[in-house]
Structure formats: C-alpha cells, structure tokens
Ligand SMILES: Cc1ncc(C[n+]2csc(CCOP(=O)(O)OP(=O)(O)O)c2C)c(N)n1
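Have a look below at one chain only, the form predicted on its own, in structure tokens format.
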Amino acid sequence: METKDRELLLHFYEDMLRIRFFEEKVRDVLLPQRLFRGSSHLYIGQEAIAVGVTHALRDDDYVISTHRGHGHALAKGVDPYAMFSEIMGRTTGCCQGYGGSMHLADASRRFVGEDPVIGSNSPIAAGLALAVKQRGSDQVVANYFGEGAVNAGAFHEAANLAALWQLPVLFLCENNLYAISVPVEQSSAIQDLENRACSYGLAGRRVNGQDVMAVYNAAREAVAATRQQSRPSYLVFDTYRFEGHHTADKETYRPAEEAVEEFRARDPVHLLEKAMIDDHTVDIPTTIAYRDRVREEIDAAFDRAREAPWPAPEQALRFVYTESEVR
C-alpha cells in the first residue's frame, strides 16, 4: 500500500473507523436489544471501497446504494445520529423513521438512497445520469451493487443505455464473493467480472477492494474520465463481508476458516493502520487517539438517537396518500 499523503490517509482512516464502529453498534447493541425490527445488512470488511470512492467524488456528485448501504451513506457524509434514528424508526431519522435500515436517504448530501431490490438501482442511476447530462452539469453518479447484481437484467439494460447515450455514471461492483449464499463461481459463467459489460463497450477494471489507496486511485481515474468525457465507467472491487448476508444469517454456506483466517487477515482498517505505522506516517498513539475519538462520536450519536421521539400513531399513513382537499 502506498502511503505518502498523511492528511489524506488519516481522512481515510477516520472515515473507515466511523463505518466500522457504526456497524458494530448495530450488530452488538441495536440488534440484541431489539431496538429495531427485522435484520440489517452490515458493511464490515468493505469499508475501503466506500471511503476510497467517496474521496474521489465531489460533494455535489450523486451516490445510489444497495441494501448494504450504511457505509456508503456514512462515507458520503450522512449524519450517524440521523442514521441511528432512522434505523430505530424515530422522527429525527434522515427519512423521519419511514425508511429504516434498507431505505436510508439524504438529499442534502446527494445520497439518493439505498435500493434493496437487486440490480434495480442501476437503471435509476442511469436515469439520474441522463438528467445530469441534460442539465449540462459535470456531476457524476456513483452506483454501487454486488456481484450478484451483474446477473440481473436491469444492470445490463442500464449499462447498455449508459454506453449508448454516453451517460456520466460509475458502475461500481463490490464483489464480496457471495450473492446471499451463492458463491460467485456458481453464479457467473465468467469469473472475470470486469469483462461482464464489455459487450456494451465498457472496459472494466478490477481493483483490490481491501486497499483503500488502490480504491481511491482507481476511482479517481474513473471519475475524471467519466466527468471529462461524459461516459460511463465500470470498476470491480474484490472484497469480503466479514458478517453474514444479514444479521440473521447463520452463514452455513461458507467455511469458518475462510472468513476468520484468510480474509480477516486482509481487514481494510487494519491494513491501512499497519501501513501508516510501518511507513512512519503516524505513530501508534495517533491511531489510538483516532479510534477513541471516533468511537466516542458514534456512542454519542447512538445515545442521542435512542432518546429521540417516536412518531405519533396518526402519522402511520403519512406519505401513503396524497394530501389534498376533498372536493
């Protein structure tokens, strides 16, 4: 891992810690204390992708996410307090408690939101990119999806139209090896996922998704090309989710030694931390101070959100029907 820019690397480190500690709070506190209903899809292990890509974007660029979108939202600057509130269904949530874990959104941060239907966010991203182009803006749209979505027709329709109409959309595949419980070698006839869109003229690039600097450099080049030439780009990030597909997943489909030994040794947070220390970019007390400060931030956001008000029962049907006068 290349380590040169101390300030940039510490930004990466802080943002990755924020995602890690947020998701651990969901896993270790919200879930066992039943502070929300259902399950949640955690981003632990994939933090380098959201952080590396977001640092290559501008604040006014758009991001659209998947069911596993907490990390994307946090990297884009969505308030952890508003996110905790949203997951727990409180009125102070970023969607006033109506969205929950899989439907977070924040228009003020250009975080269009999470879309839990596999592959369906790609046409939305293409449509948003078309609107951007028609406005004459140089913004880009970053569209995240898992490797399972590459088998969905919606992804291919969107990739074809984006290439045909030269739309400024970044197709960002997070290959964490398992589409729910199906390993990629059993779901894709072509293992070179970067070639899955070549028939549309999209030359894909494969990147180590555990190395935040590699992600950042690849994303920066793709963003520059997409912005300057108003054309789509396609990146595949090889990564691994350390937790199950969702928080109720028993993970019977993958061997324990794979997750514990092979991939946790490539924990993106620890890799960056070790690289910075080994390169004398930072010292150990600095990393400890960052960890303590970010953990305190997340703890404080959660404590505030837990005390946030519940919606009134009469608000249950709000946004379901159009509010208008009866004539």
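Counting begins at 1, following the sequence as shown. Quick caveat, the model's predicted, so the values are computed rather than measured.
In what follows, reference is made to the form predicted in complex with the named molecule, a form of this protein that is not presented.
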- Message: Since only the chain is shown here, I'm wondering whether residue 116 would be in contact with the named molecule in the predicted complex (any heavy atom pair within 4.5 Å).
- Response: yes
- Query: Would residue 97 sit within 4.5 Å of the named molecule in the predicted complex, counting heavy atoms only?
  - Reply: no
- Task: Please run the contact check for residue 245 against the named molecule in the predicted complex: heavy atoms, 4.5 angstroms, yes or no?
- Result: yes
- Partner contact for residue 148 in the predicted complex: the named molecule, 4.5 angstroms, heavy atom: yes
- Message: So the named molecule isn't shown here. In the predicted complex, which residue out of 234, 155, 178, 111 has a non-hydrogen atom within 4.5 Å of it?
- Response: 178
- Identify, from the list 266, 55, 295, 67, the residue with a heavy atom within 4.5 Å of the named molecule in the predicted complex. 67
- From the candidate stretches 248 to 256, 156 to 164, 139 to 147, 203 to 211, select the single one in contact with the named molecule in the predicted complex, where contact means a heavy atom within 4.5 Å. 139 to 147
